[in-house]
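A lone chain, given as structure tokens: the form predicted alone.
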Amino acid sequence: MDDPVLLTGAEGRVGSAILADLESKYDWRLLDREPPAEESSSDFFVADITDYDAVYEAVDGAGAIIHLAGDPRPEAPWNSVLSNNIDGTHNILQAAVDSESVEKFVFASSNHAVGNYETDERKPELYRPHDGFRLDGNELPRPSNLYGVSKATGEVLGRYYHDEFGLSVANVRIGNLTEGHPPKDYERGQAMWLSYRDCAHLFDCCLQADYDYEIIYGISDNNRKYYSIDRAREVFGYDPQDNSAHFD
């Protein structure tokens, strides 16, 4: 992709993982509500995604958007997820369409959008290698908190903007992103672990592949898994290198 790529929420953990491997690969525009902790060689927009005019300034002329910004707290209250995660995502999508330059929108969704599939009857077996239960992106949302509701709503907003305006939309339901090694003594975290390098690789695939509207899971190729990564492999060419079992 030759056109600039806008990365919102660039100062967060996911943004850091992406830029660690891909900073030199793309012409980045970075957006965050706070100034960067370190000087950046990329264009940096200090803006709140609830401010449409500021969002449009950052979006206009970009060819793709990776949208990470929002309130990431699983316990975030409704007023915050409504403003930051739902209205903010709507602003980014609307600016993408209004700019007429954006072709791809990659949305950082979350495992919390489907957290209530982890029922008492399924746990803890679904976190173990022998269990065959899989979520593959075709299931309906089943949020486990209001943050998950906001991520499911973001996916639906993306569906609308794809169907009405032809925007290519990839929704990545991110698992448990940690640097260095997966969580220890935490079966659930190991089953949904996403390494930093696999995270960067997956979002790179989302910028490179051709697709219409997709929901995929963002985890490494763990022996323990209850999210399928088949669709990410087939449509996006995702080839994860890490496995939480290697750290047991």
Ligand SMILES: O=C1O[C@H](COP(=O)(O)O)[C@@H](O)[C@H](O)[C@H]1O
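The numbering used is simple: start at 1 and walk along the sequence shown. Computed from a predicted structure; not experimentally measured.
Just so you know, the form predicted in complex with the named molecule exists too; it's not on screen, but the next bit is about it.
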Heavy atom of residue 191 within 4.5 Å of the named molecule in the predicted complex: no
Contact flag, residue 186 vs the named molecule in the predicted complex, heavy atom cut 4.5 Å: yes
4.5 angstroms heavy atom contact with the named molecule in the predicted complex for residue 110: yes
Partner contact for residue 74 in the predicted complex: the named molecule, 4.5 angstroms, heavy atom: yes
One stretch from 129-137, 154-162, 94-102, 169-177 that, in the predicted complex, holds residues within 4.5 Å of the named molecule by heavy atom: 169-177
Residues of 135-160 having any heavy atom within 4.5 Å of the named molecule in the predicted complex, listed in sequence order: 147
